[in-house]
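Quick setup: one chain, the form predicted on its own, written in structure tokens, and binding and motion questions come after.
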Amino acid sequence: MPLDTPADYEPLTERTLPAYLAGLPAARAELGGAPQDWRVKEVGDGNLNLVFLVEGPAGGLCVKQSLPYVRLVGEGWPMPLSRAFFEYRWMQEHGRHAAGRLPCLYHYDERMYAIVMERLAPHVIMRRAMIEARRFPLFAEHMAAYTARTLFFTSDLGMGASEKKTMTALFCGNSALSKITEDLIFTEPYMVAARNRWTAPQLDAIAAEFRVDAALKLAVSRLKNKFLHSAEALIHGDLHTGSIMVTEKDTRVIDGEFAFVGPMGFDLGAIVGNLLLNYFAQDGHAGAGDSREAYQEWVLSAMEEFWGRFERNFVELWRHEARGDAYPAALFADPASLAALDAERQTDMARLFADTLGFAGAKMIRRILGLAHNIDLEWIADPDARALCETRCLRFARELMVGTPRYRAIAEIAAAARAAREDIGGIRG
């Protein structure tokens, strides 16, 4: 596929960005002073885009621009610039339903495929802070509210069918980024693929085992099928701890370029899976006089609190804010029908919990056997210690995907994670 580079597009640089921002009234007002007063630093450490932080006398901005290829790989992997447009539309849509949980949006440039947004400070990336064993007491509460509101109000429970179909059609255009997910999460880690990598030779045997594990391959294929066809709500699509910025009092979600209308459990599973990855990785970061066990318990408690609050929030929205075309209120006006509907809500939450566990497992496996890895594990310097943590993650992830029906409550997942941490072989069944 040729590089998608329109004639009037050019990548921004630290040198050219001040002149570009000088032409945007909102940017000038936020930064204050003149372009020569602004300090620019390119900080993009992700897999896809350019990201600049700009500081002026009055304030700061973040500028994110699409490149016509995957930054992690280079020009050999072309990628549509339009992903910036879908991130911009995600910011608009999710921002309507979860005010204060995203950066403020100042400008979108459809010619340069660039987003100008709020510079989050003193926020830090959640993933990096967790490696340092930092606690954020409002993280679970904020993320539960964010996911409940964005998933509910962009589903058929919260919006009319016509509006939902229009939104779905728009985000169907983000197929190139969905294809990345389809390949890198649901397919390549379970086969011989050039882009795969892992801690070798320590994980060679388990990687080979997973490639012939029929039960696991069926489980991930069922998840992929759900990802392909289940248009439940507008999801973030890459909601890991690297896409969350936090302070002790605030939580923001960033990097929504993978957004599309898909299964709710994918976003929820991304959060649960990344918390579990960090839980198992902490043993590799512990040292003499630096036991991480107390922090590991905080990670599990945050996971339990997140799911519990999400479930309560979502059900309450369904009871009091349901204005979509699913489950029409006119059908449930009598007491017996209302009771039946409440039972249906609980059944649906059980189904969503199962989806969440499966997607969590898939997200964990891809970060160990696939292309793009997590620093939670990658920053463990000793390869043997890293491989031990990764083996526990892989065994537990398989259990989440293959043994899903065995678990009915999030507390059971926390208990199983504790048991798996004590057993290098993990749970097998």
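Start at 1 and count along the sequence shown; that's the residue number. The structure displayed is predicted, hence computed values, not measured ones.
Absent from the display: the form predicted in complex with a further copy of the same chain. The rest refers to it.
Quiz item: Check L228, P328 and F332: does every one of them have a heavy atom within 4.5 Å of a further copy of the same chain in the model of the complex?
Solution: Verified in the model of the complex; spot residues all in contact, yes.
Quiz item: Here the chain is shown alone; which of E182, E118, E141, E93 has a heavy atom within 4.5 Å of a further copy of the same chain in the model of the complex?
Solution: That would be E182.
Quiz item: Among the candidate residues Y88, F153, Y190, F136, which is the single one with a non-hydrogen atom no more than 4.5 Å from a further copy of the same chain in the model of the complex?
Solution: Checking each option against a further copy of the same chain in the model of the complex, the one that comes within 4.5 Å is Y190.
Quiz item: Are any of the heavy atoms in R128 no more than 4.5 Å from a heavy atom of a further copy of the same chain in the model of the complex?
Solution: Taking the distances in the model of the complex, the answer for R128 is no, it never comes within 4.5 Å of a further copy of the same chain.
Quiz item: Though only this chain appears here, would A288 touch a further copy of the same chain in the model of the complex if you measure heavy atom gaps against 4.5 Å?
Solution: Outside the cut-off, so no.
Practice problem: Find out whether any non-hydrogen atom of A208 is located within 4.5 angstroms of a further copy of the same chain in the model of the complex, and reply yes or no. | Solution: The answer is no: A208 has no heavy atom within 4.5 Å of a further copy of the same chain.
Quiz item: Even though a further copy of the same chain is not shown here, does R149 get within 4.5 Å of it in the model of the complex, heavy atoms only?
Solution: No.
Quiz item: Picking from 309-317, 214-222, 237-245, 276-284, which part of the chain touches a further copy of the same chain in the model of the complex when contact means heavy atoms within 4.5 Å?
Solution: That would be 214-222.
Quiz item: Using a 4.5 Å cut-off on heavy atoms, what residues in 251-268 are near a further copy of the same chain in the model of the complex?
Solution: Contacting residue: only F260.
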